[in-house]
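A lone chain, given as structure tokens: the form predicted alone.
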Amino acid sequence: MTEQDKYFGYMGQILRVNLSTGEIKKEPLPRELMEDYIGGRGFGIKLLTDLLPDPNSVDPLGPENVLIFSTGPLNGTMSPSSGRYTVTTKSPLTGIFGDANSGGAFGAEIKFAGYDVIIVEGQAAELVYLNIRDDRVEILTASDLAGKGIMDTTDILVEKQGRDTKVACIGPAGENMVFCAAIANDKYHYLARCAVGAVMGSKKLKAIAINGTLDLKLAAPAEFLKKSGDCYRKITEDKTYDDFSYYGTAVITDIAAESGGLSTRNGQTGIFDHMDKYSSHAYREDFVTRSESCFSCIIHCSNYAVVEEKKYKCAGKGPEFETFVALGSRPDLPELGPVIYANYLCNDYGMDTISVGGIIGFLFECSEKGMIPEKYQWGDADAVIELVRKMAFREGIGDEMAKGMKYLAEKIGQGSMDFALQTKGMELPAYDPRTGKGFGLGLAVASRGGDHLRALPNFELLSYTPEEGIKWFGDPHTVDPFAWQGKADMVLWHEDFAAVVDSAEMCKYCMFATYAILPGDMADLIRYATGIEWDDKKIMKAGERILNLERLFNVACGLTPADDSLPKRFLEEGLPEGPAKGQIVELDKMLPRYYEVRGWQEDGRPTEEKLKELGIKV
């Protein structure tokens, strides 16, 4: 019996690569990780905590920081949407815990090569890439890839290493350590948030090329297959399936517009005058040529978009809802072609479109208010595209933009922080929380900074009845997006379940669209895969454990309750028009209750009783 045969659902091995020394070693996957932290995101925060015991002293762009690629127990299986994986690090953008999650096929390939986790340490003397072929692991020169974009880098490495090779890489933005630099895998899938690409660039690691040939063993394959089939049925019968599988996340643009929360002109209003050009139907008809899918996913929500107009000619993975807003409605661009082109540039340069578009919208408003010498006009597509390029290459004002929105606001002053749409230093996503108060609380407390996916409390947006609100979360107000009551308990549940989903490495669209897959389903899938006795209560406790460990890491980095906030625009400025006219986010009423139900002290630190309950030792 080999070492791997002792594991089910996991490969049982951690690969550690030190780029400073060139040392490559393999270690067994600790049982504690599997039983307490599930995989993926849970593995990432536990290993980060162990490897950086004094995180406040660690320079995120220094050799002492680590970059952790982690998979979950469902990667590489027939479980629905099991192609995701997580990269964890200390973020240079926020100075706290950071991670990013991506789809595609790269996560499964890590497992097929025989690893659950890849830890990259140190800093290379020159640009290199990591070449992994099962047991064979090499650090190779990447001098010929310097400065190349995501598309060319991927094509070159696949040509070198074989067509079955999966590639995760950075573009020029990562090499230039831009604070919104992303890591791309399979060309069109992005670990975009928290500047993980800047950390990879600081280590002079251009790419990881991987090809695996190993089999994955399951504890109860027949039961697992049956449960997977049941989950596929639930997903396809869900009322959101048809729209998501045909239009992708572009359909959320329609929903946001109807709610009056399509963030426009840097969130000054939620009403966008050009929705006829931006609707999911117009996008699909005018630009989309096909839908694409991640590993083992039947939703196939990714769209391949083509722009024929000469000035903006491009072809590739089209923008998601977040990008429609960040690079479209926030700078108030009237046409969709330039948005798709700006998205393509961000993809090839390797940058987070949420952060890039957010910073551009912020600068446009600063210009409108006369706070900066540069002159920008709402709707100027050429200015947006030029600022994307300047940011990637740190040219002119792009060098300042590359340090993030919070840095810019602090430098500009004059009250600009009031409309700098960021939390904990990370630029906020598209959805205007004044049209969903649970989203507002989730954004404020998100462990990696301003992020909707840490909670994603769609429950308040789906027209459930007050009776269903009581059944789920004990309060009828949870179904009302304009109510603040009951939202703390609702957000806590969503955060814990999101941590489970991220750790199993499944896609949230299978869970949080209208809750087709629930904790009991997840527990069954992981139990049949691994043989570990999970049930719905135990697995949600693991999610809570992960959230609390992330909080401890952030507190050690200097985080305080003052950081659990939102910009004044959302707290004090009511929306001026539309269905949500006059709405603000009553965060001061929700946050104390959130701390209470979390079991955290007034200073935001988990109580000793809570840590003891979760088995976390400090």
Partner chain sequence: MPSDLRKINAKECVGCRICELVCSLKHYGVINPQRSRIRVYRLEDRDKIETCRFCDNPRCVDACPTGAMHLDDGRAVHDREKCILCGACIEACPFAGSLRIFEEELLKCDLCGGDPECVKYCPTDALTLGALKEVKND
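None of these values were measured; they are calculated from a predicted model. Residue numbers count along the first chain shown, from 1.
Just so it is clear, the following notes concern the form predicted together with the partner chain, a form of the same protein that is not shown.
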Query - Partner-proximal stretch of 482-490, 515-523, 419-427, 76-84 relative to the partner chain in the model of the complex, 4.5 angstroms, heavy atom - result: 76-84
Report task. Please state whether all three residues Arg163, Tyr188 and Tyr232 have a non-hydrogen atom within 4.5 angstroms of the partner chain in the model of the complex. Result -> yes
Query raised in the report: in the model of the complex, does Tyr304 have a heavy atom within 4.5 Å of the partner chain?
Result: yes
Query raised in the report: With the partner left out of view, is Phe112 within 4.5 angstroms of the partner chain in the model of the complex by any non-hydrogen atom?
Result: yes
Query raised in the report: Going by a heavy atom distance of 4.5 Å, is Thr213 a contact of the partner chain in the model of the complex?
Result: yes
Query raised in the report: Would Glu335 count as a contact of the partner chain in the model of the complex, using a 4.5 angstroms cut-off between non-hydrogen atoms?
Result: no
Report summary line: The one residue among Leu218, Val251, Ala124, Ile385 placing a heavy atom within 4.5 Å of the partner chain in the model of the complex is Leu218
Report task. Could you work out which of Ile298, Met275, Ile470, Ile139 is the residue within 4.5 angstroms of the partner chain in the model of the complex, going by heavy atoms? Result -> Ile298
Query raised in the report: What residues in 82-105 sit within 4.5 Å of the partner chain in the model of the complex, counting heavy atoms only?
Result: Ala105
